[in-house]
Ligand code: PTJ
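A single chain, nothing else alongside it, follows as structure tokens in the form predicted on its own.
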């Protein structure tokens, strides 16, 4: 993707992410409020130094361990996730044998149609780009096995009301481990209460989502997705004594107000 900003600009990558959100809004994939949500996260990332901290990497390793050990892992995509990291997270889904479920805050039939179409096109393209360590046929089969759910929900998340409660019985509703990037707090709380292990990606370490999650990765989504894919190649075992509060505390302590 090209952008008018100079590629030598120190924040060029951040500017590209912003442009992706802008284009997705113009294409009808996202509600206008997606720009506000992205800007809020971008502000926190700036305070965190626009880098993956040691504590974020530790949480990413734990996320990889839990997802690879799960019996029925699911990755939940909202609109911003589709716009920013669909390809990277589809690769992760293929490796862990997971399905993805598109579940958005401002749900309309047209927006869901556009999002499902976008992810389906990304999936089709990904089938023909086998990464190192996989044969072309093996990779194609792995990617093809990833189902894209969300179009015809047949279940409800307990404790939620309205369209956000809609989900798939074979997706979010039956997952033992859920990866939910960019989640809103009350839905994260409802998913945890449902009995699932919930892994949240959130640049705000004091948000309700970050505090409610089983594992919180305080990192920018696309950096996380790339790191997660690498960690899935050599996953460890889930930590039975995982201290998520310690991760959040470390993230808060890593905030800097020095010039970047």
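Owing to the predicted nature of the structure, the values given are computational and were not obtained by experimental measurement. Residue numbers count along the first chain shown, from 1.
Although it is not shown, the form predicted in complex with the ligand is what the next lines describe.
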Item to complete: Heavy atoms, 4.5 Å, the ligand in the predicted bound form: which of 105-113, 154-162, 134-142, 172-180 makes the cut? Say which one.
Response: 105-113
Item to complete: State yes only if every one of 62, 231 and 237 has a non-hydrogen atom within 4.5 Å of the ligand in the predicted bound form; otherwise state no.
Response: no
Worksheet entry | residue 67: touches the ligand in the predicted bound form, heavy atom cutoff 4.5 angstroms | no
Worksheet entry | Contact flag, residue 198 vs the ligand in the predicted bound form, heavy atom cut 4.5 Å | no
Worksheet item: Do residue 37 and the ligand share at least one heavy atom pair within 4.5 Å in the predicted bound form?
Response: yes
Practice prompt. Check whether residue 84 has any heavy atom within 4.5 Å of a heavy atom of the ligand in the predicted bound form, and answer yes or no.
Written response: yes
Response to the item:
Students should find that, of 225, 215, 203, 56, the residue having a non-hydrogen atom no more than 4.5 angstroms from the ligand in the predicted bound form is 203
Item to complete: For the stretch 135-171, return the residues whose heavy atoms include at least one within 4.5 Å of the ligand in the predicted bound form, in the order they occur.
Response: none
